[in-house]
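Okay, so here's just one chain, in structure tokens, the form predicted on its own.
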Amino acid sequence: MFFHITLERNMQLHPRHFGPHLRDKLVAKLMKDVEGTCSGRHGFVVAITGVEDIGKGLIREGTGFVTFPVKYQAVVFRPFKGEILEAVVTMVNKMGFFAEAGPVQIFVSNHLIPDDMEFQSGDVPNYTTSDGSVKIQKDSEVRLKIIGTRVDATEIFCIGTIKDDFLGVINDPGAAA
């Protein structure tokens, strides 16, 4: 799920950046440092939408660096248990498959794949239905449901299932060939 929230961060800036473009340098450094990162509390920072406030700088003794408190708004992505996501399969093996939905990696165990799908090893490992009509392989698009998440300080891991109504393959790249 995506959220638009207000965050705060202390930014350190070298004295060579001081001058008429100080604010621009701070915002550029904030975007470079924060966008694409993950905090366990808020999720993945997708984009910074605006800077609300830049506080007064505090000079760090001995280094000359100045620390500025910056308050900014950002769009964050945080998956929740029970959420339905569309993801792209990145790896298939006999234990299940891994898929990515944006920055989140989701593992779907073979126990959470419908019973009529069997693992097929070979050049392109995949899960195929007994009649061969549905195939899950690398680069397939699947709709899955998150049944569990584990949050670390810098990463979020998810477990998903496609063993439910309206879940499974959306787009199969192998069908076009």
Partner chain sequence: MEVADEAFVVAPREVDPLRRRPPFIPSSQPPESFKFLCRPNMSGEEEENAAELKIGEEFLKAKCLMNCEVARILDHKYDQLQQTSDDPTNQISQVFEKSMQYVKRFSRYKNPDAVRQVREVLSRYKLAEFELCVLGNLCPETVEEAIAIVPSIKSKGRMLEDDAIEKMLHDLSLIKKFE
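Positions refer to the first chain, counted from 1. This structure is a prediction, so every number in the text was calculated from the model and none was measured.
Although it is not shown, the form predicted together with the partner chain is what the next lines describe.
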Inset, instruction - Given the partner chain in the predicted complex, answer whether the residues L22, V66 and Y72 all have a heavy atom inside 4.5 Å of it. - result: no
Inset, instruction - Check whether G36 has any heavy atom within 4.5 Å of a heavy atom of the partner chain in the predicted complex, and answer yes or no. - result: yes
Inset, instruction - Spell out, yes or no, whether the shortest heavy atom distance between R41 and the partner chain in the predicted complex is within 4.5 Å. - result: yes
Inset, instruction - Find out whether any non-hydrogen atom of L26 is located within 4.5 angstroms of the partner chain in the predicted complex, and reply yes or no. - result: no
Inset, instruction - Please run the contact check for S133 against the partner chain in the predicted complex: heavy atoms, 4.5 angstroms, yes or no? - result: no
Inset, instruction - Can you tell me which bits of 137-158 touch the partner chain in the predicted complex, meaning any heavy atom within 4.5 Å? - result: D139, E141, R143, T149
